[in-house]
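One chain comes next, on its own, written as structure tokens: the form predicted on its own.
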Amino acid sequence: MHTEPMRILFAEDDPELARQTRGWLGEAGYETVWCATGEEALKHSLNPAFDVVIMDVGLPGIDGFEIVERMRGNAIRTPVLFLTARESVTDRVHGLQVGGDDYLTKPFAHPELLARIEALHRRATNSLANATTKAGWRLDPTRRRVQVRDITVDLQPREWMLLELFMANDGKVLNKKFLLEKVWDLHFDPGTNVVDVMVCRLRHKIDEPDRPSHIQTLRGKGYVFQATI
């Protein structure tokens, strides 16, 4: 139960699908703002007041991938569910790489859509506790912000998930298959370097100048994280 209605930004250019989906969302108690064009969706997506964004990819004007990439570039961390007819592995992986959190292909069953929305919102708010300190790291789940020594950085949703996973397994070797399943919910190898790219981005944010990286690559095995180096 939510004390206030969950606010959802829904970007979809098919009027009939939009009408049906908004009806389901309304029945579930959600408050929805609908956009039919890429320009309109971009404008609204930069508003951090939404709890979840449902983003069609093939919008007229600016496509959904670019909109989400711009959101993340502007430090908007709202969970994003891509809702699209594009079902290729390449498109799904690209959607996750630009900052999406989930990917549902059309046609879809509305109970699954509602379940995925709830899962995204729960994942985003489940750890909204007070900031905690662990091994000298100050973690603020509310802002997805981490402080280690004199460095304070804001993380994107999947960067945060990856760091949480690493910290929960401090000193253990984690292979790519495990990381894909836990962070991206992909139970197959997409044949891309999505894990390597995300690890590189995380290193760039949390590592300190002139000190060894907190994340070491073990060739052929995976990665090992060490909070204290």
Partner chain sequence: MQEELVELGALYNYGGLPVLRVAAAAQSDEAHHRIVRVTNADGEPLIESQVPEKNDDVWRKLVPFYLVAGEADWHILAVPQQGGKLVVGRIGLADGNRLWYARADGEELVAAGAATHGLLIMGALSSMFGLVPLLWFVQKVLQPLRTLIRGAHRLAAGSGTARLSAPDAIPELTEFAQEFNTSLDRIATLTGELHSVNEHLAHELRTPLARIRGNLENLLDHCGSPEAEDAAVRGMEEIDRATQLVHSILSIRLGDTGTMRLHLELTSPFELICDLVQLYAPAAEDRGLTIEYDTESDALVLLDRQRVRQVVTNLLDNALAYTPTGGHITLLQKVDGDGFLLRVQDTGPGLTAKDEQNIWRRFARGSAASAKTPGTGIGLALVRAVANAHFGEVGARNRPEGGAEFWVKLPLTPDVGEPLE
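Just so we're on the same page, rigid core means the largest C-alpha set that superposes within 1.5 Å between forms. Residue numbers count along the first chain shown, from 1. Just so we're clear, the structure is a prediction, and the values are computed from it rather than from any experiment.
The same protein also has a form predicted in complex with its partner chain, omitted here; what follows describes it.
Candidate site formed by 66, 73 and 141: none of these residues places a non-hydrogen atom within 4.5 angstroms of its partner chain in the predicted complex. The closest non-hydrogen atom of residue 42 lies beyond 4.5 Å of its partner chain in the predicted complex.
In the predicted complex, no heavy atom of residue 147 sits within 4.5 Å of its partner chain.
In the predicted complex, at least one heavy atom of residue 89 sits within 4.5 Å of its partner chain. In the predicted complex, its partner chain lies farther than 4.5 Å from every heavy atom of residue 166. Taking a 4.5 Å heavy atom cutoff to its partner chain in the predicted complex, the contact residue among 191, 26, 171, 60 is 191. Contacts with its partner chain in the predicted complex, taken as any heavy atom within 4.5 Å, map within 96 to 118 to 97, 105, 106, 107, 108, 109, 110, 111. Relative to the superposed core, residue 102 undergoes a Cα shift smaller than 2 Å between the shown form and the other one. In the core-superposed comparison between the shown form and the other one, the C-alpha atom of residue 157 has shifted by at least 2 angstroms. Residue 19: CA moves less than 2 Å between the shown form and the other one after rigid-core fitting.
Cα of residue 77 to Cα of residue 201: at least 3 Å longer in the predicted complex than in the shown structure.
Relative to this conformation, an increase of 3 Å or more in the Cα-Cα distance between residue 194 and residue 80 is found in the predicted complex.
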